[in-house]
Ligand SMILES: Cc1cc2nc3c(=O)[nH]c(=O)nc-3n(C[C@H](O)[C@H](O)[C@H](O)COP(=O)(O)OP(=O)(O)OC[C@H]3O[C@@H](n4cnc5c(N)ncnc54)[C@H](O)[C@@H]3O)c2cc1C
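In the form predicted alone, a lone chain appears below as structure tokens.
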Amino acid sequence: MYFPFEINWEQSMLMFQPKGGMDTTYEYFVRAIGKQNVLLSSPVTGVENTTRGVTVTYTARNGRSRQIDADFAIVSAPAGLMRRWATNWGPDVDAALGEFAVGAPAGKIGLQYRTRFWEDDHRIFGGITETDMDLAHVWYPSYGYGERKGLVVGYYNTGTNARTYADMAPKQRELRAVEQGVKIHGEKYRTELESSFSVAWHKVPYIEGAWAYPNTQSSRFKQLQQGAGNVYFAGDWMSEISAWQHGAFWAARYAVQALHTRVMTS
């Protein structure tokens, strides 16, 4: 697969981001797999090893329970979610999954502006303003320099601050974030605002948190990296770089390599 990327120089490190946003990565995967092979709005409720492979139980769009039988399964759901599924991989795996803390609360808001006043008035091109307010961080776009409109991340907070914003209605989140941001950028931060979108990850179904940091030195973590029967685990939380998409790719490689080695030697 080919992914068109552009360079992001934020924070003095070389990073890459898909042109068109992070959803672009997912869209390329769907294109490669085939849309007909991807089941959306079908939450998994169980993963069980069988004598022939694995059975995955899920709830279809019509609300009915359905099952898929396969030779193997690679599961990338959060650890806390899997512990509520119907499984038969045993108490040792459940205990290993239990080592992961509940997903950390985190929140973000995107503020779309009619003009890129931070560039025109303040010569800010990308980067972050660190604050001691409940916003925590204000991020500026590292793309589209000189265009008419632009989107600023008005807050990216965690912990208590994230929960405070999460308990508000979306419009209230916007009003509070803008009120705080005005203290940094002045009235244009309010008057040039066009729209907003916010998310509280610990309230998102089937995610229930922003990230989980594993004890990568734990014998149980290493056990999970080897899989459980015909089930293998992936996702950023199953890597040494949790909370980053880099980690998700890393963990996927672990799982695929382990599965490949098993199939080729059996």
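Every value quoted in this text rests on a predicted model; they were computed, and no experiment measured them. Start at 1 and count along the sequence shown; that's the residue number.
Note that the form predicted in complex with the ligand isn't included here; everything after this is about it.
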Stretch from 63-71, 222-230, 30-38, 198-206 whose residues place a heavy atom within 4.5 Å of the ligand in the model of the complex: 198-206
query: Is the ligand close enough to 76, 156 and 248 in the model of the complex that each of the three has a heavy atom within 4.5 Å of it?
result: yes
- prompt: So, in the model of the complex, is residue 48 in contact with the ligand at a 4.5 angstroms heavy atom limit?
  reply: no
query: Does residue 256 reach the ligand in the model of the complex if we count a contact as any heavy atom within 4.5 Å?
result: no
query: Does residue 116 make contact with the ligand in the model of the complex, using a 4.5 Å heavy atom cut-off?
result: no
message: in the model of the complex, does residue 44 come within 4.5 Å of the ligand, counting heavy atoms only?
response: yes
